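First, one chain by itself in structure tokens, the form predicted on its own.
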């Protein structure tokens, strides 16, 4: 599917926003959140750049499930480490195990439902963390209200990750064509919400 000029512009915007966040948007954080956010926004940057260069067919890459898992997991680890100290160790262990489980179930041909279950659990927990934690912190007054934009972005990235993951394992939630049309707009919108939430929250 050939990218339109509008889609190329949107993807370029996503690349620039993610690059800004990596280079200037995470200054002053502790070491582990910086690493986690760098991986997450670096993943968004690479994903948008690959689609920009190779076209929407880049989403058909065998690595797309793994990539669509590491972005929300890394972002969730950064948020928990920075904002929820009591759950740091537990969440880091969950993220490592979740990533390894997704990688394993995608590397070995399985006829059962294990890949679907692993992806659903991993994406579900990471997505809910990114969605709920910023919004709850904002409601409690622990952060500025606009930090909740990170949560909105989290809902979108979680949705996008699930759509891609289920498409790659042959259990699509939406048709392939619908997903391909959606992603050039989803990436810059999600990235913009993250950048705005971190900057103004």
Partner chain sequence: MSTQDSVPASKFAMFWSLTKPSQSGLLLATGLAGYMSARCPIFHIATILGLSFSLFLAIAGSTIMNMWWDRDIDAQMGRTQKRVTCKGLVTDKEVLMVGVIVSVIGIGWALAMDWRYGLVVFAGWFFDVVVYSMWLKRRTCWSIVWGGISGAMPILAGRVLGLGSIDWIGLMLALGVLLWIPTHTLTFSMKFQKDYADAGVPTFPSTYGLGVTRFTIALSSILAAAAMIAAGVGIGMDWGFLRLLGVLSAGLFMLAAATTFSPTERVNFGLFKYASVYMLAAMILVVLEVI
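Small disclaimer: the values here were computed from a predicted structure and weren't measured. Positions refer to the first chain, counted from 1.
Although not depicted, the form predicted in complex with its partner chain is the subject of the following passage.
For the residues 137, 167, 152, 26, the 4.5 Å heavy atom test against its partner chain in the predicted bound form is passed only by 26. The partner is absent here; in the predicted bound form, the one residue of 146, 132, 54, 173 having a heavy atom within 4.5 Å of its partner chain is 54. Interface membership of residue 46, defined by any non-hydrogen atom within 4.5 Å of its partner chain in the predicted bound form, is confirmed.
Residue contact with its partner chain in the predicted bound form: residue 193 places no heavy atom within 4.5 Å of it. Within 4.5 Å of some heavy atom of its partner chain in the predicted bound form lies at least one heavy atom of residue 34. Residue 22 belongs to the set of residues with a heavy atom inside 4.5 Å of its partner chain in the predicted bound form.
At a distance of at most 4.5 angstroms from its partner chain in the predicted bound form, all three residues 38, 42 and 50 contribute at least one non-hydrogen atom.
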